[in-house]
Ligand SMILES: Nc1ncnc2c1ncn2[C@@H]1O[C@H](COP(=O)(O)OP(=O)(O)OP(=O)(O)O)[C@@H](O)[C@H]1O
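Take a look at this one chain, the form predicted on its own, written out in structure tokens.
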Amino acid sequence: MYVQSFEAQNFRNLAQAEFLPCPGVNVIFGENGQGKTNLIEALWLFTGCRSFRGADNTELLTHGQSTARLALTFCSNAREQTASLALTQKKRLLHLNGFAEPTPRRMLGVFPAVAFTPATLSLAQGGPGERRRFIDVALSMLTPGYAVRLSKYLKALAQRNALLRQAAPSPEMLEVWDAALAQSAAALTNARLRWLAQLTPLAQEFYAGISAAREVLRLRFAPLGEGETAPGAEVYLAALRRARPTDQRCRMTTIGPHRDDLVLTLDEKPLRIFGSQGQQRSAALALKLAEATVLRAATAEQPIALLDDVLSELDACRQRDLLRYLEGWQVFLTCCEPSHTLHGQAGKVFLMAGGKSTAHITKTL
């Protein structure tokens, strides 16, 4: 899969931008504040996921504008396809191949992409929430039904937490929301564990390649802290009942998929505590490369790789490793200085200035 053309109007500082990338590596360079990350973010929205910056629609519109428009032409499943997004302060309206779709989630699995951002490199050293989001975004793109299940779980969680904040929560209502939460929790956890079973050996292989096999990366995901097996709905329901006294004191739900963590270790030592910055970044890259590989195998399409100011955070060796693993992909890469960025690969270089992209150099480096 690859992008053929892209247009943006009134998206952040992209008042009017057109982009004709090549199928290989596309380097977008320029000074800070010129719109490089905005372009990557706009492309990401076509995956059907929300902004990787956590922005809501009001932040995506050019100041003083009520609507933004994004348009994309891409080749997928051996045919040309088109998609457009109209963004207002409250809605995202999708047209795919000329037809209006009920939700942007329709793009999940249609336009697969993997984003490498500075936040990606903190996967190993950040909090559990970042690793849960990594899992949830990857699974939503791989299995659109997962996003639906996650939404149901979060709605039930919000209702249960609202009930727990009451002075005297109704036991009958708690039982209702416990049952709903348990069903969704079991489905989410089962999907997470199946995906991690595919991801783990790939992440270990990538890490070994990046680190010259100096240490062994391991991933551990233990739902409810009770071992790496998938608890059924009845197990979750029993656990929620046991946790009620604690939950009422804390006025929030203290167990479930929203509290789980993916624990990373090197030679059995917690990576977050004992790993060097280089080791943590290598592990994060290994996770993302493994995510991309699983996505490619499931969709039979090569995902788009979106690298937002990542290479500047890596040493030259890890830069070469990352681009070597992404050889043959369509890559969009932002940086301030394009010199030696391609590390020998063919590509196209664009200058970004004032929210506009201009083909600056086209050559094999």
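Throughout, we count residues from 1 along the sequence that is shown. Fair warning: this is a prediction, and the values are worked out from it, not measured in the lab.
Not on display, but discussed next: the form predicted together with this ligand.
Heavy atoms within 4.5 Å of this ligand in the predicted bound form are found in one stretch of 293-301, 311-319, 34-42, 324-332, which is 34-42. A residue is said to contact a partner when one of its heavy atoms sits within 4.5 Å of a partner heavy atom; N13 meets this definition for this ligand in the predicted bound form. When contacts are judged by a 4.5 Å heavy atom cut-off, E337 does not count as touching this ligand in the predicted bound form. Proximity of R69 to this ligand in the predicted bound form: non-hydrogen atoms within 4.5 Å are absent; the residue sits far from the partner. Of the heavy atoms in T62, some are within 4.5 Å of this ligand in the predicted bound form.
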